[in-house]
Structures are given as structure tokens and as C-alpha cells.
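Take a look at this single chain in C-alpha cells; it is the form predicted alone.
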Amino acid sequence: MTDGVPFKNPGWAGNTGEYELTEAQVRGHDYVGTRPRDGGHPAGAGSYPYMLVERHPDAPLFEGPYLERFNKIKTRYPDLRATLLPTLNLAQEVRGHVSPQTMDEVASLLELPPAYVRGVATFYTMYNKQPIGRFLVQVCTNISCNLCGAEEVLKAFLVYADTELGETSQDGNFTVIEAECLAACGFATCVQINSAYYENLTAKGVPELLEHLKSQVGADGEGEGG
């Protein structure tokens, strides 16, 4: 498949047809499109957590476009308690992790008992309970990926990111963890980095991928975009 030729989806996930995307665009590093931080239409405002390269642990909850999104989220649910998960998602998008202090602030915003919010937040592994690197690398090591070299991929990430499992590299860029399953068994080994999937990854491709990710970080340590 060459660049410039419309890519024909062979049918994964039950979808087929012609698309004006090349295979390199579909399988490449570039994210097609951006997600508005104000949430766009209220119907979709609560539908995604979006892990950005830049993290602001001390940022307020919520201001500017994030306050707009929070207010949109509240319109989509019958009561404030029902907004808890998307509100935690939004808090993590802003701060990068959900600390006990953040949980208490969310509890105050939603008029919920702090213990209830902490119980929910600590139940789900998708919420980072401590600061992480600019890029959270989740390597699937479940059976399909494991059979396709996931252990070697995981080791390569640890070696080339120069970190230990569950810890953050000294440059603050990478936190590498194992994921139980990323639901992409047909494209093993699958790795989720922040909000993007990287499929059919091998250990050989890890150094190039890490260099690509580093290029997204400016000299001041801030991400170039999100």
C-alpha cells in the first residue's frame, strides 16, 4: 500500500469500504483531528477522557473551556452523582492524575460524600492515582499480545525509556505499565500511549516510536499540542 492511494479497510471491527486515508495515516503516528477542550456538542462532552502531553497538577477545577465542558456534562445526566465518571475523566485530563485532593474537590463540585468519590476513583484502573510521565505507555500482555511478543515489547520500552515498570523516567517523559487487555487482539502487540493506540508493534519498532514521542515535547518540557 503506498501513500496517496485510498486505503480500503479490509473489515476489522465490522467496517468495510473506501476511505480517503492512506494505510500510513491509519496505522501511523499522526492523530487525525483534534478534540475541543470545551467538549463541543453537549451530547459528546462527557464521552471521552483525553490524556494530553502537558499536565498541570495544580490547575483549578474547572476554568475556561473546561468549565464549559463540565457544565455541558451536567446537562446530560439526571442528577449530579451520575456525572461522577466523566467529571473524574475531565479532572484527570487537566491534572494528569486524580489525587486524594482532586477527589475531594470533585466531591464538593458534585455534592457527594468524599468517601463515595474515593471509592469510585480507586475502583477503576483508568484513573491515575499518582503523577505520571507525559506519556503513559500501557503495553498489553494478555494472551494474544503475549503470544506475539508483548514481553519483548515491554522490555524494549523499559530499556529505551530508561525506567522501571510502573515508574517514571528521569526526564519525566515516560511511565511504562502493563495492561491486562486493550481489546485489540487482532493487531497484537497493542500498546496504548496516552489516548492513542499503536498496533502490530514489535520490540524493533520501540526506539523509533519513543523518539517520535519525544519530538512532541518542547524545550520547556511542555507538549506541543493535544
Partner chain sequence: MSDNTTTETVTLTVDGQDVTVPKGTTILQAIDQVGTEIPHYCYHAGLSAPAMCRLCLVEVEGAPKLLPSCVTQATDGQVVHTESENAVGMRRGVLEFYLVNHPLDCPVCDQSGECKLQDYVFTEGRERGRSREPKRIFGRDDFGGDVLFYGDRCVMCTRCVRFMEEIEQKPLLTIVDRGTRSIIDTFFERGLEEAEWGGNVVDICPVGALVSKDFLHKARAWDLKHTPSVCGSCSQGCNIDLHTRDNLVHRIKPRFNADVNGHWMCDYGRGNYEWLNRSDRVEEPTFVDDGRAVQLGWDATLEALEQRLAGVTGGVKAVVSASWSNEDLGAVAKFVESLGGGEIVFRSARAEDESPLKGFPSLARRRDLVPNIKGAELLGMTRVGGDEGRGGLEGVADHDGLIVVLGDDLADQDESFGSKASLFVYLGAHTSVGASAAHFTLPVSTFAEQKGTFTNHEGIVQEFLPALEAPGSARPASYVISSLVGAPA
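Positions refer to the first chain, counted from 1. All values derive from a computational prediction rather than experimental measurement.
Not pictured, yet referred to below: the form predicted together with its partner chain.
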query: 4.5 Å heavy atom contact, His97 and its partner chain in the predicted bound form; finding: no
query: Residue contact check: Arg118 to its partner chain in the predicted bound form, 4.5 Å heavy atom; finding: yes
query: Its partner chain contact at Asp104 in the predicted bound form, heavy atom, 4.5 Å; finding: yes
query: Contact label in the predicted bound form: Pro131 to its partner chain, heavy atom within 4.5 Å; finding: no
query: Within 4.5 Å of its partner chain in the predicted bound form: residues from 191 to 206 (heavy atom criterion); finding: none
